[in-house]
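In the form predicted alone, a lone chain appears below as structure tokens.
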Amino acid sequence: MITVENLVKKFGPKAAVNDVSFTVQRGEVLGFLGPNGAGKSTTMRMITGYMPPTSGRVTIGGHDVVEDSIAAKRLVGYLPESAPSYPDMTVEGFLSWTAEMRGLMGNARIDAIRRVSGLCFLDGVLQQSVDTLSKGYRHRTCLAQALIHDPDVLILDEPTDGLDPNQKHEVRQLIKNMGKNKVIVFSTHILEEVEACCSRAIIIDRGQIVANGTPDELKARSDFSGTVTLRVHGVAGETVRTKLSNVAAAGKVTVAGDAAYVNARVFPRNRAISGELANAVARVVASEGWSFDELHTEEGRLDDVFRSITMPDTAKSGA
């Protein structure tokens, strides 16, 4: 449904987006991640046709966004960053106007307003003017306009920005449910959103894609992926380190704590056999008769992967 090929956007000599390529299929929810200034919003503006690329090509549903823009844009619902609205309109009036712009008239327009009002929990504020709404409700109203024509493709730039925790949960569930039969691309810098509703994630940094995979695939790149964490009572830290270091599948072993308890982390010698490590550690614990209240294998941390990929080299060396 979406094909992005060698996309470049320059502002003067600076390349905000530099040779970005990816595809998104129906049924995918793609999280577009990156630090501030990485090129997320610029890429999404080019995908929607809001901003022309310096070079490269975007097609949506087979339609070139530059050469066949109207056909491409008919398929798209777009929630831009800091989405604009008309503050003197009521919520219903704004949605009605948006529906007309999308070619919905009569009962089709009424039905569309009713549908998106329910999806975005706007039924109680339809007669309020936009300028009287809280930031969260204004954002919901702008999300509703992106959904008004039931598009096949949704491009959402920071869709949970300004929402409280309950509202964020509602929007994430909405995205996850709609993603079953639509194409959804949304930008965020909130990593928990990727695990909550994305089937795939792309990390962009300084205008270039630096990672592309499912959340599990990305987490597997973490230094902590496959490590076994253990909390032991009444055993000296050095004893724990020595015994666990003798495990064949173990690589580095770190320990911390005092006489009351020791926290140990065992890193696998080889990621390919990391699944054997927990069983081997458990056998040591049993044979030594150690008292423990925690033993688990870590799946990896998305925030560690994000930092390792996007943190400047100077910051890494100073960490």
Partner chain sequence: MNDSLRHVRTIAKRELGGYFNSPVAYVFIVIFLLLNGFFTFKLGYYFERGQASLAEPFFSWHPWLYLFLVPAVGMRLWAEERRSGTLELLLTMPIEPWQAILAKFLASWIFLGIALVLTFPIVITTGYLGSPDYKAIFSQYLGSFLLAGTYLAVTEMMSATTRNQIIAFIISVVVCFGLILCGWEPVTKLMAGWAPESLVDLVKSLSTWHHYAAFQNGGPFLRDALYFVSVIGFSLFSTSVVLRGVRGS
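Treat the numbers as computed from the prediction; the structure is a model and nothing was measured. Numbering follows the first chain given and starts at 1.
Separately, the form predicted together with the partner chain exists; it is not shown, and the next lines address it.
Note on the interface: of 249 to 257, 51 to 59, 283 to 291, 26 to 34, the segment with non-hydrogen atoms within 4.5 angstroms of the partner chain in the predicted complex is 51 to 59.
Between the partner chain and the residues H189, R200, R74, R231, the one pair within 4.5 Å by heavy atoms in the predicted complex involves R74.
Exactly one listed residue, out of P165, G124, G103, G118, brings a non-hydrogen atom to within 4.5 Å of the partner chain in the predicted complex: G103. Relative to the partner chain in the predicted complex, residues F22, A196 and F267 are all farther than 4.5 Å at every heavy atom. Contact annotation for C142: at least one heavy atom lies within 4.5 Å of the partner chain in the predicted complex. In the predicted complex, at least one heavy atom of P80 sits within 4.5 Å of a heavy atom of the partner chain.
Shown alone here, R45 lies within 4.5 Å of the partner chain in the predicted complex, counting heavy atoms only. By the criterion of a heavy atom within 4.5 Å, A236 is excluded from the residues contacting the partner chain in the predicted complex. Along 3 to 30, these residues reach a heavy atom to within 4.5 Å of the partner chain in the predicted complex: K9, F11.
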